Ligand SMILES: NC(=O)c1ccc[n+]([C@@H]2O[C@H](COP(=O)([O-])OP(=O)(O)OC[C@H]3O[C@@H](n4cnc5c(N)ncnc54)[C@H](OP(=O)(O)O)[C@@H]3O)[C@@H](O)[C@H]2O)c1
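Single chain ahead, written as structure tokens, the form predicted alone.
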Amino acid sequence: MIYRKFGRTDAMVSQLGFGAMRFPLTEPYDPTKIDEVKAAEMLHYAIDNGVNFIDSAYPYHRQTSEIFLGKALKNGYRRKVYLSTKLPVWLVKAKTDSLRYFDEQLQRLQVDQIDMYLLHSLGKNSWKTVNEYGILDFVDKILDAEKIRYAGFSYHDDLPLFKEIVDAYPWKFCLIHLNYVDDQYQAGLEGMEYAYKKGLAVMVMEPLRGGRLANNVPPEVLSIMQQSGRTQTPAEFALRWVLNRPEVSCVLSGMSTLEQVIANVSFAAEEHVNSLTEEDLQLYYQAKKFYHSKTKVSCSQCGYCQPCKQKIPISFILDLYNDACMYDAVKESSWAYRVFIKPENRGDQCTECGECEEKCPQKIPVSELIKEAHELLK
């Protein structure tokens, strides 16, 4: 296993981290039904072979991921890893809530200290919550009490706000969405470079875009990959792009099978920093252009369409619709649609009031497309 510096700290983390949000299930549409035998086998194999960063969050597997990890990391495994989890900022409604959720997470994980603690999914609204309810003061307190070792945040919004948040607190690390198709999405490459120059360790989520860059890869992209001269899987092609960057401390992969763990661990045992040539990078650009050419909806995820009177998560549904079309991922998008959106908030509940379309800067025919998406994903 190759290890990288964790920003300006003394920690060295495995370049592959284990994201604890896609464990195998005993019932396909119930995320709480983790197949604990298979999941523990996967987790222990990864740790036994050098993975030392485990990442979870309060809501993962509908609040059962942390509980599972508390059991799975017994018998000496806890001492072998950096354990990371996240505060559910969107649930904070009072100044006392942060500590309440944090204490609950300590109990779930069966630990007295969490190594890396993040404010989860920061964006415009959640950043307001952070400031309104003194969450940064709370972070200071648990740092001073040595209940956490390093403070960071995960991010899902535009680049300017990302830079503002980076500059607002002495963070040790950040977690951003990044892959070769989404290199300008949210924080993107520019945000990665900005955080790195400020001394933060940069962690990357969605390097395979939830498996979409590894599964059902179209012949056009496979042909582009072959031009590299390397024998590689689509997953390796995608991971290599992220791990090529020296700014990246660790890539998180939400693995669902032991076979995925074995393959990713083997790939992470090799050095990949600065391994890509300009010719290689041009191939990634071609693959990105092909995927973008299949975009169904030109939604920028600005969120102006929200809130919807029917509480329909418009941007999320359109993103799933795009994924289904761009990556031939109908099955995966349908699973997310059915698991994460309640029946009363799905696309067929649209009343065609038109308010979202009036607010949309892209003038997207939301009422029409949201129902198209429902028909495909229901």
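None of these values were measured; they are calculated from a predicted model. The first residue of the sequence shown is number 1, and the count goes up from there.
Beyond what is shown, the protein has a form predicted together with the named molecule; the following relates to that form.
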Which among 75-83, 276-284, 136-144, 251-259 is in contact with the named molecule in the predicted bound form, heavy atoms within 4.5 angstroms? 251-259
At 4.5 Å by heavy atoms, is each residue in 22, 55 and 209 next to the named molecule in the predicted bound form? yes
I'd like to check something about residue 116: if you look in the predicted bound form, is any of its heavy atoms closer than or equal to 4.5 Å to a heavy atom of the named molecule? no
With a cut-off of 4.5 Å between heavy atoms, is residue 129 one of the residues that contacts the named molecule in the predicted bound form? no
Heavy atom of residue 205 within 4.5 Å of the named molecule in the predicted bound form: yes
Answer with yes or no whether residue 264 is in contact with the named molecule in the predicted bound form, where contact means some heavy atom within 4.5 Å. yes
Residue within 4.5 Å of the named molecule in the predicted bound form by heavy atom, from 297, 214, 308, 225, is 214
If we test each of 149, 172, 240, 156 for a heavy atom within 4.5 Å of the named molecule in the predicted bound form, the one that passes is 156
